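Heads up, the chain below is alone and in the form predicted alone; it's given as structure tokens.
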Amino acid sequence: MKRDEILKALFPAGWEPTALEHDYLEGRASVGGTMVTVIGTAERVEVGADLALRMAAAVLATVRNRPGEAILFLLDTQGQRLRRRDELLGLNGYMAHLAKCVEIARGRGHVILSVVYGEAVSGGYLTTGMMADACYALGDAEIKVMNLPALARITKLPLERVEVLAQRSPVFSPGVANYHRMGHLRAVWSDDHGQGLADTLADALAELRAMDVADRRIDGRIAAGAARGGRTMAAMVVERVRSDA
């Protein structure tokens, strides 16, 4: 689904953009009768130092000017920008700054949701989508850390071996279904040509708002992944580390 399509589907009554560019959007919209801050990427944009700072500023502006207002990330990104300029500037620090700003917002009581409507890859997604209280994706979206040939090169395993592992375990596999099975996604939304997505978003926001703040801050992804059969060892490893600490 393209940017304009997801905006129309989620906000059928319209929204109030403060920035609507080729690869970036920012503004506010009414969801379930309450206003939310909308921050998003489009056209598979790379998240570099400049964009990371811009998104961080939007988060901090919400914390400063609209206390408690929910923040919705709409995401379509091919990952962090792999350019010499950004690396020399210390892109990892800019990405960390964005993640810290999201955590500041969470700590101040802002509900944070993310919806992948296009593509979500690696660092461009870690600092926004994976930092949210709840992550969702459309069924035709794409989520991955890296493709299988790249994974083979990094792990120095034969591609054929990686492909076999990907069939056995979602940890090695790209795709929305695999990330849902691992517990990373709370739910996968059917676009159904845009019908019902506005209500689905409103229900998701209401569910998070109804939760106790302390409960909302608990990361339930490991438990969800174990229950869905996608991460059978993570909980055990975490518990062993805790017991030996």
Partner chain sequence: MRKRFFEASARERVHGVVDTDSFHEFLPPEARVSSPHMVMLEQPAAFDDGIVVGAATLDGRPVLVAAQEGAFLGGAIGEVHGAKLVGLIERARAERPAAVVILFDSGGVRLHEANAGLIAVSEIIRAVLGARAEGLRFIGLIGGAGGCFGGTGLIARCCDALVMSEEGRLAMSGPEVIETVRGVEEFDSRDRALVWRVTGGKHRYLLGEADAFVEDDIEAFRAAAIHLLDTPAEFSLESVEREHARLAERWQRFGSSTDAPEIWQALGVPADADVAMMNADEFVAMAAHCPGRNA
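Positions refer to the first chain, counted from 1. Source: prediction; values computed, not measured. Each form is matched to the other, and the largest set of C-alpha atoms that superpose within 1.5 Å is called the rigid core.
Only in words, not in the display: the form predicted in complex with its partner chain, which the text now covers.
Chemist: Name the single residue among L201, V63, L208, V45 that comes within 4.5 Å of its partner chain in the model of the complex, judging by heavy atoms.
Modeler: Here the answer is residue option V63.
Chemist: Closest heavy atom of L25 to its partner chain in the model of the complex, within 4.5 Å or not?
Modeler: L25: no contact with its partner chain in the model of the complex.
Chemist: Would you check, heavy atoms only and a 4.5 Å threshold, whether T232 touches its partner chain in the model of the complex?
Modeler: Flag for T232 set to yes.
Chemist: Would you please decide whether A29 lies within 4.5 angstroms of its partner chain in the model of the complex, comparing each non-hydrogen atom pair?
Modeler: A29: no contact with its partner chain in the model of the complex.
Chemist: Heavy atoms within 4.5 Å of its partner chain in the model of the complex: does M35 have any?
Modeler: No, M35 sits far enough from its partner chain in the model of the complex that none of its heavy atoms falls within 4.5 Å.
Chemist: Is it true that A99, I104 and S243, all three, sit within 4.5 Å of its partner chain in the model of the complex, judged by heavy atoms?
Modeler: Spot residues vs its partner chain: full contact, yes.
Chemist: Suppose contact means any heavy atom within 4.5 Å; which members of 199-220 contact its partner chain in the model of the complex?
Modeler: Going through 199-220 in order - heavy atoms within 4.5 Å of its partner chain in the model of the complex - the hits are R216, R217, I218, D219.
Chemist: If the two forms are fitted on the core, does A132 show a Cα displacement reaching 2 angstroms between the shown form and the other one?
Modeler: The answer is no; the displacement is under 2 Å.
Chemist: 2 Å or more on the CA of L113 between the shown form and the other one, with the rigid core superposed, yes or no?
Modeler: Stays below the 2 Å threshold, so no.
Chemist: I want to check L72: does it shift between the shown form and the other one by 2 Å or more at the Cα, with the core superposed?
Modeler: No, the C-alpha moves less than 2 Å.
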